[in-house]
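Okay, so here's just one chain, in structure tokens, the form predicted alone.
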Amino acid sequence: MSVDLHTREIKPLRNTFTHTAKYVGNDKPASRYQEATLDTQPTDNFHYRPTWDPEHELFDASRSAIKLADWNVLRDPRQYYYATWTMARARQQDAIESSYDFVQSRGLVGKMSDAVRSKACEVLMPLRHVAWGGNMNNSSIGAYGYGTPFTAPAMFHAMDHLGAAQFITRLGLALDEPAILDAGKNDWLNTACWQPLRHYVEDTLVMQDPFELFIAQNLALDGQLYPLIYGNFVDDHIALQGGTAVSMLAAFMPEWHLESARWIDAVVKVAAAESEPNRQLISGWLKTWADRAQAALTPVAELALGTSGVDALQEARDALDLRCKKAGLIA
């Protein structure tokens, strides 16, 4: 008996889901990101309006003053959906673990001076609470924003902030005893130089417009905080004074900030280009919150870098203004 094997090509009747084909075309296969993201926002058949917010539907674009004909335009250039995001973060986690192994095997923390280690802890430990505020705010954007291409990356961003808070915690435990975490919390709650930033974070926690919150947290605050602290302070100041270990163990934060800026800038650019009222509104929000963030960070910059802190913070603000100009906002 002989067996004949034949190859048959089975042509699919369609290349993607109908709701995705509206955006990519019927003849073009969609990417995993497109299938997981585009037009997946619930829009109909809600049971009732929330009793805690009867003016809005459960998912309601009118929660924001920003108006878009289609919220699916706010796409992530990184094309993150759950799988690609987790794989990217897993690779970064592996890199951080390698850094910890290197630092511990060579005793680099013990080779730092007490003054450098103390200064690093004094500046970085209260930032655990800033990162936690970023987690809460992006969770709020994910909950009350509209359109999966906007809200899904916001939830990833929320968890990234939580990861940053955990990395700072782990850094503190590597540099000192567990009591250093309580000292950072006490500074956050009571030390004068941290109170303007704490006021900023606590005010953003109760903001109602998810897009304004996106501007206040992800663009205005983080756009100045991360270059100031992890660029000027950690990489350019602490590392040059024998604190290379701190720079290695905090490497996730500046790397993540540069990566996530692509998404943030893309969202702002597309939303502002939709209409002149959008551009005016976003530009106004940016000016208000960036000015306030700069003022709140000024005493922190002085704590971290002394007399050169104000200049370093101004460099961060200038870089933020340039980003926003490229995104089409009004200076």
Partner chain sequence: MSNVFIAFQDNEDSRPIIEAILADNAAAQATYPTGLVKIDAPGSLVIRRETIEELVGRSFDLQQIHVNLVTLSGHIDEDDDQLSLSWNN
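Numbering follows the first chain given and starts at 1. These numbers were taken from a predicted model, which means no experiment stands behind them.
Form predicted together with its partner chain: not shown, discussed below.
Between 181-189, 74-82, 195-203, 107-115, the stretch whose residues reach within 4.5 angstroms of its partner chain in the predicted complex through a non-hydrogen atom is 74-82.
For a residue to qualify, one of its non-hydrogen atoms must sit within 4.5 Å of its partner chain in the predicted complex; none of 128, 133 and 287 qualifies. Site annotation in the predicted complex: the residue of 30, 296, 305, 68 reaching within 4.5 Å of its partner chain with a heavy atom is 30. With a 4.5 Å cutoff on heavy atoms, residue 34 counts as touching its partner chain in the predicted complex. Taking the partner from the other structure, its partner chain in the predicted complex has no heavy atom within 4.5 Å of any heavy atom of residue 49. Residue 56 falls outside the set of residues with a heavy atom inside 4.5 Å of its partner chain in the predicted complex.
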